[in-house]
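Take a look at this single chain, the form predicted alone, given in structure tokens.
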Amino acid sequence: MNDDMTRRSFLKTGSLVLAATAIAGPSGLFNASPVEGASGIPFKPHAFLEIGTYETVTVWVGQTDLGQGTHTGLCMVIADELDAAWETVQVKMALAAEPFKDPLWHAQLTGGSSSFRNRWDLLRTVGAAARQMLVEAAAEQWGIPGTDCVAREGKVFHPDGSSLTYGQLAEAAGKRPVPENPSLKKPKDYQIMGTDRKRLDIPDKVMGKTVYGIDFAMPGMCIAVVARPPRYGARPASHDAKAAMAVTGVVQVVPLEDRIAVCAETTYAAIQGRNALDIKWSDGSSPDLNDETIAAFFKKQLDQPGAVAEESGDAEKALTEAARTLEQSYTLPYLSHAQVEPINCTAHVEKERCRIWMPTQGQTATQETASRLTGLSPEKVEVMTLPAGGGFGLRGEQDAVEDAVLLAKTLDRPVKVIWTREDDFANDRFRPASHSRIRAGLDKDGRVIAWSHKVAAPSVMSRVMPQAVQNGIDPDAVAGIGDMPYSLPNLQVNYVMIDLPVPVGWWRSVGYSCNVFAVESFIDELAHAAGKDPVSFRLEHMEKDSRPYTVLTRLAEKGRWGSPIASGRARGVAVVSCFESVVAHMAEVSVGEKGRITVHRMVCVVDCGTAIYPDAIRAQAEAGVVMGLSTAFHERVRFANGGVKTTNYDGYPVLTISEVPEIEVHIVENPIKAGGIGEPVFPSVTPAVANAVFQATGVRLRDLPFQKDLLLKG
């Protein structure tokens, strides 16, 4: 897709040229959806939308259903501008195709809370253009100006009250040219956006009809599991293929570059065959790697000067002139994605095409991987995206795709690669660990005049997008520091890239998930040093009436900040601005005699611009709290003997329902373009809790997960 593609050129080249030919038969556009050349679909003005003569409005989406309600929300945007009758709207997942690529990133992927914010104008234009075409078709039939007609609830109304349904108008509308600049609604005129609708995916999920990747099956398919190195850089020195083949149901043992696959008729047989391989592995590249050596390496690297990621004013000079200076360090561990559904991918390689079925967040990357391995052009790689049982960034990785395609080529039959839970933990692309050291200076009035922040962390970008790493800076690794919601006169950010064999990847809210904990914990420490209220101190350093200022003010109001609180409890706050949204959290906690932290209440205020689907926003915010508390209290990947020590949930506990507090979510009305929601609702959870714990005990928790030993009394 061209960088300079406009809305008009997208509509014209993406599909409108096909509007007149849609009745006659399939064309390039229809390759974007499985209903190629379907009868009864005379009106398909865009890859995203089709209207049938039987009053069906189908929205084709390119984003993966990760369980967050995105598919329903995308339909709401188009349906609102279309003035469709909501009960006629259905959603379908499209194949990987050019029209479904992100208009800014030029790739079809699901991540970075981009599904709405990167397509805001595009999605609305899709619905508005179709509505105008339907109105014009009705006006022509009635012989009156289109301005005399009104579209509402799936019908176009004549001034005399008579009407034609969209289904009745679909064929005629399909023959009309797509308007170059359709009129978009004003926010006050939205009828569907901003309301709570039943999620379109729920009925099938409740009835057990939804086919996840782990459930997918096809005729002739075999199952494969892969033995991967238990230590980083290790390779198989020997294995017993005969013993594996002796297992009933095993079809073939296939050595790959640094791993060995066992293909069988059933999952059980494949796992048993893998167990029988008796692989002897080499020592690997870092046989002494463990928790202690990793911690020591981070500590050593944090003492290095690092590369300057951002600099405004003169922080060093301001520090020497400050009335008071503070310095603290914060540490966060490697985290697993720990999604419920293990990684899986099914592939079938044929002479002229390759088909892939999987719950992926990276359709374009999957096409490119399969194209590279098969020699087929990307257009001949069909990616059928299945619903995912969680993802958080991991499902954009290509490890399972590579194995499935290679094995399908070797066996000349469909192959489904499945990871066990132990495979998931051992071979994850972890959320990077991060160590920060911050120095700041206060003037005589208790205002921050200098902030010097150094981060030591591995780089995700250097692996997945190396062109984004300039002058030794991974912009993701320092996200949330230079763009913190505070106005500081002197700021310096340094980055030290950690080079360890532990693979890292995208994880919910990416760099913000680490850095906001450090920033919001330290801003609280500065407020205490200045002798000021934590909320007032933050507001003093924000632009008045800015989005962060408004959100934090609303949080103080809804959370009853400053009001009396039950004996033994305390409150803490934190705020973040990211992914074109602003979120703030207030935690109400108590600490028991044995150092047990109980979070009684979490209040979340969200400004995500236009709140398209409030129910989904609340659900995402609640999930952000649960996930945030889980990382605060439990989650940490362990390493030993050159590899991953953590093998399953028994060594990686997550938050249980008994630990979930009362959660309140308040949405700020803001009619600007829609921002992200899945990512922004996570980062400020943990610092809000840590700050509340300090208010309750006077003890600062600067490391995750929290060490309750620090809170033991006597």
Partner chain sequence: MLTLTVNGMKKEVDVDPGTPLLWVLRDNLGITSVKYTCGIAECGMCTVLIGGEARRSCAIAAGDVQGSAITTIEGLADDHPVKVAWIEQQVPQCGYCQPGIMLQTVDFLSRVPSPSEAQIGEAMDNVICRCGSHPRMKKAIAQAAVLTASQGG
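Numbering follows the first chain given and starts at 1. On a predicted model such as this, the values are computed, not experimentally measured, just so you know.
What comes next is about the form predicted together with its partner chain, which does not appear here.
So which of 183, 267, 141, 162 gets a non-hydrogen atom within 4.5 Å of its partner chain in the predicted bound form? None of the others qualify; the residue that does is 267.
Which pick from 337, 259, 117, 348 sits with a heavy atom within 4.5 Å of its partner chain in the predicted bound form? It is 337.
Non-hydrogen atom contact residue 388 with its partner chain in the predicted bound form at 4.5 angstroms: Yes - in the predicted bound form, heavy atoms of residue 388 and its partner chain come within 4.5 Å of each other.
Since only the chain is shown here, I'm wondering whether residue 654 would be in contact with its partner chain in the predicted bound form (any heavy atom pair within 4.5 Å). Residue 654: yes, in contact with its partner chain in the predicted bound form.
is_contact(residue 672, its partner chain) in the predicted bound form, heavy atom dist at most 4.5 Å: Flag for residue 672 set to no.
Determine whether any heavy atom of residue 663 comes within 4.5 Å of a heavy atom of its partner chain in the predicted bound form, and answer yes or no. Judged by the heavy-atom cut-off of 4.5 Å, residue 663 is in contact with its partner chain in the predicted bound form.
Among 60-68, 672-680, 47-55, 685-693, which stretch sits within 4.5 Å of its partner chain in the predicted bound form, heavy atoms only? Heavy-atom contact with the partner occurs in 60-68.
Does any residue in 608-633 get within 4.5 Å of its partner chain in the predicted bound form, counting heavy atoms only, and if so which ones? Contacting residues: 613, 615, 618, 619, 620, 622, 623, 626, 627, 630.
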